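The chain below stands alone and is given in structure tokens; this is the form predicted on its own.
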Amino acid sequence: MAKTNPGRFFEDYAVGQVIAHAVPRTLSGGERALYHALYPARHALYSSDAFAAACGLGVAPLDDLIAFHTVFGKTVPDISLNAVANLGYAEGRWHRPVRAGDTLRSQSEVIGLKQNSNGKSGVVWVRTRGLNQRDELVLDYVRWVMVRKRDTDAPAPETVVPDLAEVVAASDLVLPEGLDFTGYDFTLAGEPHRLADYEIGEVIDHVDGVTVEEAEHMQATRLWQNTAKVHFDATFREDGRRLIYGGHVISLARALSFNGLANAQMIVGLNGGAHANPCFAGDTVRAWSEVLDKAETSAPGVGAIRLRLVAVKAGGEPGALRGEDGKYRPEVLLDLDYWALMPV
């Protein structure tokens, strides 16, 4: 009997299948330090215990994307080890903050399957849940990924494409218990702009850029235990190039968005997302955001802002997303639609 795990291929999935992922992971301040070393992350709520305490949260939680990367990374050996590419996200919500000492684990349910017309691969939709050591839900989201077939002659499964919401309703967002922005310190946060200062349709050029290095990408994939072959093995693709992990681009863009959105403190909803074009070492990533919506919340002094965060390679213009053919422009790397919490 083979002792090693070759990973699942497209024909190994069935709608309704539930997969419990190994291995649970206890997070510490080390993950925060490494995250802030890999990305220019500096949102105050995740950087300062004192700032978090003043906002009603006590000790600062770990960055929301640390939780996302950890939960995501657990799923890779079972969902996307043999992936061609991770394609998109929907219906994501953060249900409670994660703090140093919490242990996270993941489980996924297959909710959709569709074989590609070439017969060599197919798309798998899964709903993933991240749970802590008390079995409390930390976050959940849907993602879909293109996975290779082991046997191209294997029959195609019945096509099931899930009906996913275009946006998480603002009323369905979960606010951290105790969050209160009535005494928010804008000077310490880094910018004076509050929710009322942003207009729907406004486009913000985040100005700065980061050139992606092979070494930092490999450190990130190891940190989040993302072992997908397209990120590790240069022989896996015909062009001999390793794809930069999409989550690495997400975190780079989110960190770059600080310049102009320093007060968009906590990500609480993931409405949709697409990795539009591949990113490789040597690419310089820049970012821009578009304000899509604003909403009130029940927490004192706290509003919600819906943002489109777009990462582009150098040369991409702020606000330029799709060409005349309706397809993403070739310089667009990421199109991410999310809700964040901001002082009103």
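Note that this is a predicted model, so its numbers are computed, not measured. Each residue number is its position in the shown sequence, starting from 1.
Missing here is the form predicted in complex with a further copy of the same chain; even so, the following discussion is about that form.
The partner is not drawn, yet in the model of the complex one stretch among 209 to 217, 113 to 121, 87 to 95, 269 to 277 has residues with heavy atoms inside 4.5 Å of a further copy of the same chain: 209 to 217. Using a 4.5 Å cutoff between non-hydrogen atoms, residue 329 does not count as a contact of a further copy of the same chain in the model of the complex. Put simply, residue 33 is close to a further copy of the same chain in the model of the complex: some heavy atom of it is within 4.5 Å.
Interface membership of residue 229, defined by any non-hydrogen atom within 4.5 Å of a further copy of the same chain in the model of the complex, is confirmed.
The shortest heavy atom separation between residue 29 and a further copy of the same chain in the model of the complex is within 4.5 Å. Contact annotation: of the candidates 303, 40, 318, 56, the single residue with a non-hydrogen atom within 4.5 angstroms of a further copy of the same chain in the model of the complex is 40.
Put simply, of 234, 165, 169, 137 only one has a heavy atom within 4.5 Å of a further copy of the same chain in the model of the complex, and it is 234. Although a further copy of the same chain is not shown here, in the model of the complex the stretch 2 to 22 places heavy atoms of 2, 3, 4, 5, 20, 21, 22 within 4.5 Å of it, in sequence order.
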